[in-house]
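In the form predicted alone, a lone chain appears below as structure tokens.
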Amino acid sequence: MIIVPGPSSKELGHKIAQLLNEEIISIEQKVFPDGENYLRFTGEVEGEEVIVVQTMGPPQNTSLIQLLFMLRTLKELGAKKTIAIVPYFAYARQDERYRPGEVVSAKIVIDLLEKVGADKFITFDIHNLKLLKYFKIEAINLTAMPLIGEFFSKFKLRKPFVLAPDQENPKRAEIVAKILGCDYSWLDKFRDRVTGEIESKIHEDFDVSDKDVIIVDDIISTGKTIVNAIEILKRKGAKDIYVGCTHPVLAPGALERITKAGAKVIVATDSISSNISKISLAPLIAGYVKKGQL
């Protein structure tokens, strides 16, 4: 087995290879003056099973095109099997045509990955699980929520409570709550498809008075969903508020927005490299490989 740490996931790819004690083939990369990407594999892959680790974090278009280039080239160079580990799957939020004429980008990206030769696709906390059904190749969604739960279990939390800031996947909050041995709930979120404005409402009443609350989500982009949740929690008397997510996309101003709203700690995984990426996915990925699940 060979591990290829892609340009957008160099550190994570190296961590995985070290934990597995597997060979690394590095990518030589440069950008031409006109902005086009140049990539080159620095070792032989013929007849080998190759894992490419390449997240689709910002800049998403560059990360995606690099991934497509690598997967197609591996096939051309004779790799026996190519496994794409894509911690953050960009464009997953546009998973259907909500308004007439919209591009369903998630389906297009999936089609491209299959056409260039990916044999298997692995990601984390995909925005909508139904996307897995669109793949013709084997597609696996893992969750980082156990890692986030373990991270917060080391804190001296006072009467902890876990909240998911939207209704799309309360299972994430349930996983973290089980680790912390506490209750959980979620909010109902509504987004205006034209303006992008977000409104959050309480799904069912819950008591967080004088409790420490952990908000868990798959993605933090603008941070507005988290801010809405924090404001609701503060009105309900929550004590300290913590935030954990898998994918720190972090549009400009997101962290400042969440901190100003009252979050005590904001933490994420290294699915995308950021200054809040305190939790590594490498042990989880390596454990998955060691169990022979590839």
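Residue indices: 1-based, along the sequence shown. The structure presented is a predicted model; accordingly, all values stated were derived computationally and were not measured.
Beyond what is shown, the protein has a form predicted in complex with a small molecule; the following relates to that form.
- This chain lacks the partner; the member of 148, 220, 187, 215 within 4.5 angstroms of the small molecule in the predicted bound form by a non-hydrogen atom is 220.
- When the small molecule is considered in the predicted bound form, only one residue from 138, 199, 76, 168 comes within 4.5 Å through any heavy atom, namely 168.
- Of the stretches 139-147, 79-87, 220-228, 116-124, only 220-228 has residues with a heavy atom within 4.5 Å of the small molecule in the predicted bound form.
- Proximity of residue 93 to the small molecule in the predicted bound form: non-hydrogen atoms within 4.5 Å are present.
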